[in-house]
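A single chain, nothing else alongside it, follows as structure tokens in the form predicted on its own.
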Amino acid sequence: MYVELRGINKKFGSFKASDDISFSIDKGKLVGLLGPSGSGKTTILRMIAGLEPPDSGDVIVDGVRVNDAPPGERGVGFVFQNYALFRYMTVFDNIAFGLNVQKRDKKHIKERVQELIELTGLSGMEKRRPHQLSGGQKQRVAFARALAPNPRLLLLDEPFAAIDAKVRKELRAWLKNTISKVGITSVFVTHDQDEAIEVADEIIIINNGRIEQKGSPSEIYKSPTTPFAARFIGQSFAVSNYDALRGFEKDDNFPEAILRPEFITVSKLNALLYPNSTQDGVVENVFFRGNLSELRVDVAGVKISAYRSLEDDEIYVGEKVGALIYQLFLVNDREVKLIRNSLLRDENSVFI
């Protein structure tokens, strides 16, 4: 393992920001620390960087315990969410800053900065200052500056938070591809699950200073292992009277069910695919989402949400429809259990 945290604890007064945090990261991986605001993600990042000391536990990089090493000796590059560029310096000088601190010769600095300018798509902007750049360009400069001294580990704190939505989506793909080219082990913090799922090789879900789950984006999304992960990942919504849904029985050990829109199909009454498993409902709201519609439907007193393709026949508010729930997660304080609709088996249906 290239990066390891072993039994890390950190308190700020009475607030426990890290509670026995332990995880490891393979060399070359891009790992996302995902969780709500105040969950302890950035504290973990700052302890890896040496900007915050842990109260107890070990931070290990490439087999060496670095708890007592100052930030400048850890070989870490850090990208801040607010860019932290030197506003009176040009793009070239911002990128060269760390190399100048290292007192590298001018020839090496020029070659290295030019290499990074080409890598980050900033050619022709070398003489611009930060106020002459877009948000996406500023973040690329910050990224290049962090990479310039050839760090062994790259840390990014909410790297897309200050960028508008369209540019943010473009930068996600760019960041993943660029880090893959460079081959540097990287950890980024985000509260945006779409960002984590799209960018990360692995995701670590953090909540209240503890690790809830660690795994690939696919594992995290499809198979949440804790009640928090089930509620947090996806467009999840909770219902307590889930036994009112056709094909599901009440389990006294699980007082709540978690559904997602993709678990549900809503059809016009004259187009039901599995009539025995489908339940009548009434559409309460229809929201246009650009590439699809989101329907809010009342099914036997249970409020559900479902997606519908724009290519399908339009469904209107107040219309009676058929709702088919394929599966749901049952949760209690400790466990998560995936349950399939029992009636689908009787109709020789398969849901994957």
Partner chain sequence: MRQKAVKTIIILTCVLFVAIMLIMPLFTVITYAFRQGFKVFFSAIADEYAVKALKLTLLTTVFTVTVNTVFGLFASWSVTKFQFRGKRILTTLIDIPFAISPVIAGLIFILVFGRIGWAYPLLKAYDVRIVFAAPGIILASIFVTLPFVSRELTTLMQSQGSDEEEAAALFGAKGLTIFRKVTLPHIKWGLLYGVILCSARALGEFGAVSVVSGHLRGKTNTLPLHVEILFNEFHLTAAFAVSSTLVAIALVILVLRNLAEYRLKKEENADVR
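Computed from a prediction, not measured in an experiment: that's the story for all the values here. Residue numbers count along the first chain shown, from 1.
Missing here is the form predicted together with the partner chain; even so, the following discussion is about that form.
At a distance of at most 4.5 angstroms from the partner chain in the model of the complex, none of the three residues Gly247, Lys337 and Leu343 contributes a non-hydrogen atom. With the partner left out here, the partner chain still marks one of 184-192, 255-263, 73-81, 112-120 in the model of the complex; by a 4.5 Å heavy atom cut-off that stretch is 73-81. Heavy atoms of Val286 never reach within 4.5 Å of the partner chain in the model of the complex, leaving it off the interface. Remark: Ile60 does not count among the residues lining the partner chain in the model of the complex, judged by a heavy atom distance of 4.5 Å or less. Contact check for Lys127: every heavy atom lies farther than 4.5 Å from the partner chain in the model of the complex. When the partner chain is considered in the model of the complex, Phe97 lines it closely, a heavy atom lying within 4.5 Å.
Contact with the partner chain in the model of the complex, defined as a heavy atom within 4.5 Å, holds for exactly one of Lys107, Lys166, Lys222, His131, namely His131. Think of it this way: in the model of the complex, the partner chain has a heavy atom of just one of Leu85, Leu153, Ala229, Leu171 within 4.5 Å, and the residue is Leu85. Taking the partner chain as positioned in the model of the complex, the residues of 34-55 that bring a heavy atom within 4.5 Å of it are, in sequence order, Arg46, Ala49, Leu51.
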